[in-house]
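Let's start with one chain on its own, the form predicted alone, as structure tokens.
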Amino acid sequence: MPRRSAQAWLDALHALPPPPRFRIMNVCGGHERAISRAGLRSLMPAGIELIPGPGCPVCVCPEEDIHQAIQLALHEEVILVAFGDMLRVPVNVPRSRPRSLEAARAAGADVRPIASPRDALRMARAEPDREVVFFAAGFETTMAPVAAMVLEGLPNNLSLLLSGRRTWPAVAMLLETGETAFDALVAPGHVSAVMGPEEWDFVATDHGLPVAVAGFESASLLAAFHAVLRQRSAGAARRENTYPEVVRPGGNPGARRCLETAFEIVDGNWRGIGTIPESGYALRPAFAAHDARRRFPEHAAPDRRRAGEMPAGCDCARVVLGRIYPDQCRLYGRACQPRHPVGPCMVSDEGACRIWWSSGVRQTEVANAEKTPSTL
């Protein structure tokens, strides 16, 4: 892939034959943030739509897992640690009860935000007389260092409430439903750096859609848009890599070995979407002593009313699936804003709703709530 400036790639993109409609989905919250902050949507040729997809691990983290983490923090003598975004995600309980880890902390629970898996390890070693539970949610790029930490050996007082997810099965699910809302895919660079770009070959070989792996600079994203549009113009479909300085064939063998050794692949529940086969990670039996679900089984309550669902009126699941844009959610900018989020997509820096709001999109498409991205 030749090195060019963002302007050169934009010029090349506009030089291609313009399609009447061409929907490109991105799978990464980092991509959506870069697209929105750089204003790339406004620079696209007519007919090209950029659709945010299932690239936010906070947004799809099972509601019942967050509920279990809250209950652990409230009712056990533990230090509950989680990545900062997870602390504000609300669950479906009465307003009289703590509805987030942040609310549980306000109620007296020892809940602490961390920025890295190693922070949990340091905390457990610093306080050996306390039980530390690491609520670990994330995609492959987050799960790989967690797996490495497990293999190095965890202190006896550290357990994991694991809520890891794999990205490609979600895209496969979208393609297999027969209601595909996109014509090409921009695949996530950091996930591909770990797992290898080959994971995305199925998009082209099995479904005939162009796909390009991209980085997070405008030039790499525009190169990816150019690649998939060029494929479309040529009537071809293959996987290309516009992030070769980071994404290499085969990915990172060491990281992949860590994931395969520490975790087994299981079916995973995605909040508001349902179970996606082989999309989750679970600790292998050899590490069961550090599984918080086994250590504190009494706090799992998956059968409670509205377990796993999005909050009432929240359209986050449709946003994650690329079926509506964030500002078409019924609550966007009204009941749901970053200071008072209702749905998880308004919480995380990788959530499409939070990204759009932070980028200045404040008008709600209330009258067009049933439109899909393809009809905008």
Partner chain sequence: MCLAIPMRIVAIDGFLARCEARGVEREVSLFLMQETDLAPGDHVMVHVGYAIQKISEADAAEAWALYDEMLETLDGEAGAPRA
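Being a predicted model, the structure only gives us computed values, none of them experimental. Residue numbers count along the first chain shown, from 1.
Quick note: we don't show the form predicted together with its partner chain, though the next part is all about it.
In the model of the complex, at least one heavy atom of Phe216 sits within 4.5 Å of its partner chain. Contact check for Thr142: a heavy atom falls within 4.5 Å of its partner chain in the model of the complex. Contact annotation: Arg334 falls outside 4.5 Å of its partner chain in the model of the complex, judged by heavy atom distances. Taking the partner from the other structure, its partner chain in the model of the complex has no heavy atom within 4.5 Å of any heavy atom of Gly322. For the candidate spot formed by Leu162, Asp291 and Arg295, no residue has a non-hydrogen atom within 4.5 angstroms of its partner chain in the model of the complex. Stretch 80-88 is the answer when you ask which of 103-111, 206-214, 277-285, 80-88 has residues with heavy atoms within 4.5 Å of its partner chain in the model of the complex. The partner is absent here; in the model of the complex, the one residue of Glu152, Asp201, Glu260, Asp267 having a heavy atom within 4.5 Å of its partner chain is Glu152. Checking Arg330, Arg41, His340, Arg37 for any heavy atom within 4.5 Å of its partner chain in the model of the complex turns up a single hit: Arg37. If you take 247-275 and check each residue for a heavy atom within 4.5 Å of its partner chain in the model of the complex, you get Arg248, Gly251, Asn252, Pro253, Gly254, Ala255, Arg257, Cys258, in sequence order.
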